[in-house]
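Quick setup: one chain, the form predicted on its own, written in structure tokens, and binding and motion questions come after.
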């Protein structure tokens, strides 16, 4: 199945059209709370594409966001390579062992076709169901891991940080291998019908701008170049304080950058200025302190405050600073969407 973005406006066009109509796109990063709505465990949803889709569909029916993403999972590509993964019942899966000690250790992974992995196929089928089942005006979003983050899962994030300084050639080899794996998955997600690809690169927050350019942005640019005619828009998402990386993220060729909450040090107005007028900035309502632990009125206050700050900035999407955790009250998510829809 070819992505319907071939017939759709780009994300950038949608954002500017909305601004011209005196409204804002609203795209909370939300997946896990769908399990709460249906009384399902995260473990089941992350391994059963029918349940996964039902959870996303339930959220879309309640919230009607401008885009919907599958559940965020940083372990799916690593799991497909055979890394040891822990599967809690009510939390997202995590990689527990990092087997690569030297570049030669990658050889045993090179013959693995990750598209034959059952969890990879489950996520691809979830996107197919989202493409077929969600309303036409809701963009279908999929997550892929970033090259530095997958490298960090292969050798450990702390080792990746050290290698960026003391053994950059090793880290570059890992990022090159990671990019190959990511491209295989990316191609399948695009064919399944994804309109948006969000690159999850949390490990990159430890890098300086020049290191980020070398080990992440250069490879992200390569991925985008390979699929530039597929009609899919790409979003960079990095957790934490990314103010030192905003310009490098924006130069990578992505359509948008997704930024963490103000409590991490992110200033959305300044970030938009650094990103420039052609890159959309998304964020950055706190997913835990506000969305999970706050009241509906506190959610409205936070959303209105952010919308007011960004009033004169066209290239902005109201979103959450990261994926919403399980346990976020439906009333708070509804307050988020209602505030966005009512703001003029």
Partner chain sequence: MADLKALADAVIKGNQTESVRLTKEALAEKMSPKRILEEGLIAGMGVVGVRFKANEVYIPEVLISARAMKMAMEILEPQLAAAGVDPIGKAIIGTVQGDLHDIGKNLVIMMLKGAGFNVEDIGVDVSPDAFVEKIKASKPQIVGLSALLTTTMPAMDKTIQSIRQAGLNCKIMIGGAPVTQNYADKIGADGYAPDAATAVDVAKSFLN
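Residue numbers count along the first chain shown, from 1. Remember, predicted model here, so these are calculated numbers, not experimental data.
What comes next is about the form predicted in complex with its partner chain, which is not displayed.
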Next item on the list: Mark residue 208 yes when one of its heavy atoms lies within 4.5 Å of a heavy atom of its partner chain in the predicted complex, and no otherwise.
Entry: yes
Note to self: Can you tell me whether residue 269 touches its partner chain? I mean in the predicted complex, with a 4.5 angstroms heavy atom cut-off.
What the structure shows: no
Next item on the list: May I ask you to state whether residue 173 is within 4.5 Å of its partner chain in the predicted complex, using heavy atom distances?
Entry: no
Next item on the list: Using a 4.5 Å heavy atom cut-off, state whether residue 230 contacts its partner chain in the predicted complex.
Entry: no
Check: Of 110, 244, 101, 251, which one comes within 4.5 Å of its partner chain in the predicted complex, counting heavy atoms only?
Finding: 244
Next item on the list: Could you check which residue among 186, 261, 164, 234 gets a heavy atom within 4.5 Å of its partner chain in the predicted complex?
Entry: 164
Note to self: I need the one stretch from 122 to 130, 251 to 259, 141 to 149, 208 to 216 whose residues put non-hydrogen atoms within 4.5 angstroms of its partner chain in the predicted complex.
What the structure shows: 208 to 216
Checklist line | Residues within stretch 281 to 298 having a non-hydrogen atom within 4.5 Å of its partner chain in the predicted complex | finding: 288
